[in-house]
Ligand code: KIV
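Shown next as structure tokens: one chain only, the form predicted on its own.
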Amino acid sequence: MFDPSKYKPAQAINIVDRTWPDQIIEKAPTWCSVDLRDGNQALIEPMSVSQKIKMFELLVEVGFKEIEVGFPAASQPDFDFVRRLIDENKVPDDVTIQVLTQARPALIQRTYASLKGAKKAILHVYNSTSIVQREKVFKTDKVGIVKIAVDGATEVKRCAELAPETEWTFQYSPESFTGTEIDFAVEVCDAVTAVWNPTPDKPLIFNLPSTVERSTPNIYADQIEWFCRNINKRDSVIVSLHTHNDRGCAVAAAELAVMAGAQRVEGTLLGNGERTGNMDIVVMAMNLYSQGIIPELDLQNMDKIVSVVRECTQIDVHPRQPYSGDLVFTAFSGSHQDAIKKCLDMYEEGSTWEIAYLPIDPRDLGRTYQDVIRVNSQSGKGGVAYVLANKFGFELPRWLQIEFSRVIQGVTEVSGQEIHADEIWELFNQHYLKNEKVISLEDFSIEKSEGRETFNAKLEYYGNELAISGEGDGVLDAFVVGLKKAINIDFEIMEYGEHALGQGVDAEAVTYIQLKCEGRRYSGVAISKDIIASSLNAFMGAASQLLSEVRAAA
């Protein structure tokens, strides 16, 4: 039964002289990525070690200076991953790793063991303080909750004194802060402050999570402002945020809470997290950027960020996801297209960005204008994709659906008539499977050693023989390394997909590949009973487009 009476509305905070509505964000907060902890625990299949390493390297490349890397006391894989980062010296000197633990002595000790030898670390300890957790989960009173926090803080301090070689920062979270009476949240945190005795030169972090988003963002901002006003030793405390997206307002709540006095924000790239997700750091950072604020993160290669996050999380990015989606700069409406075109025609480089329907310049994220204005046919890309899937078995990835729909659009605009399924197939065949190849594989060999593969090959390259050799994590990776070295052209694989055409052991495999070079993209498709051959041939199809264009421009 749909009965809203069973829910209690969020209670307003008694703060009549609130100041946050008049504040303007003038600089980016300190960012802390929790992709490898909060984000990882929300995945159906947690990241493998190689995926974690790839994600960590991306976070460092993007510019995060604080990265939560796991919950080592609760998970042996997390413990081992933290040890690998430290033992293999993978943490740059200007990056501080953060680990999470419950406020329980045994778990705290195990957490410190995982961090032995770290140069810098944030020890993040928590216990739940909310009314529902106290009454229904832990069945304890406020005194018991304060004791858990104080005992945990005491153990954190004791263990840190035993490891002076590490530069420690202490962080405490009253979990479910937004479900806790605000005065009691301050009471618990003040008790922790008394144990840790922070100073302005060595502050502690209080992370105030909206563990489950239950109110409008303005109430969260009120809670943060009230907390900042009433906490002891405010000049020795960094107030941090950790918002979830249950109401779809995680970014808005974080932005208003920064206006209310918070200095630090935890979240994930593209918003992955429990239930509806964590706060999307890309969105908040780009929101600041669109207001002329330096975001302190390098988001210029959005395609790479999306590609790595998707590979590591196995979660697709919605095409309408702010800033990162494939279609966020695309207009189908004729009036929108006309306005965008007229504004772009008048735009002068270096001037203020004022383009109708485009809040930011797509080039700032490594995108181009080629996808901004696009005309769809009556059936659109969905109809074309449906025909290729249901009649011919080709499950085109979204990026190829968009690209090939342009080919069909061009034909239908000229003919003005319906295009039949066999004609669609023939156009697909000519455009991808039978297109002219300027590079082809004559002979190759593969050598495997300690998880790496060496690919040696002879290619026909514009009618001449070309020998290449490369080493990589797989055959295709090794091929790419060898070809780049031989032809001295820098490019990267942005998209890769494969599936079987039919069923059974004799079924052929189809591979789809997209390359990117200097902002432009090139696609290849190939079919073979051998998946390696399919991958290599698809790659050469895309590479042929690129090489032909490079030669034509030379």
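Numbering starts at 1 and runs along the sequence shown. Computed from a predicted structure; not experimentally measured.
This next part talks about the form predicted together with this ligand, which is not shown.
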Looking at 208-216, 408-416, 114-122, 477-485, which one sits within 4.5 Å of this ligand in the predicted complex if you count heavy atoms only?
208-216
Which listed residue (Glu175, Glu453, Glu187, Asp303) meets the criterion of a heavy atom within 4.5 Å of this ligand in the predicted complex?
Glu175
Using heavy atoms only and a 4.5 Å cut-off, determine which of Trp226, Phe79, Tyr126, Phe394 is in contact with this ligand in the predicted complex.
Tyr126
Non-hydrogen atom contact Ala103 with this ligand in the predicted complex at 4.5 angstroms:
no
Can you list, in sequence order, the residues from 422-449 that come within 4.5 Å of this ligand in the predicted complex, counting heavy atoms only?
none
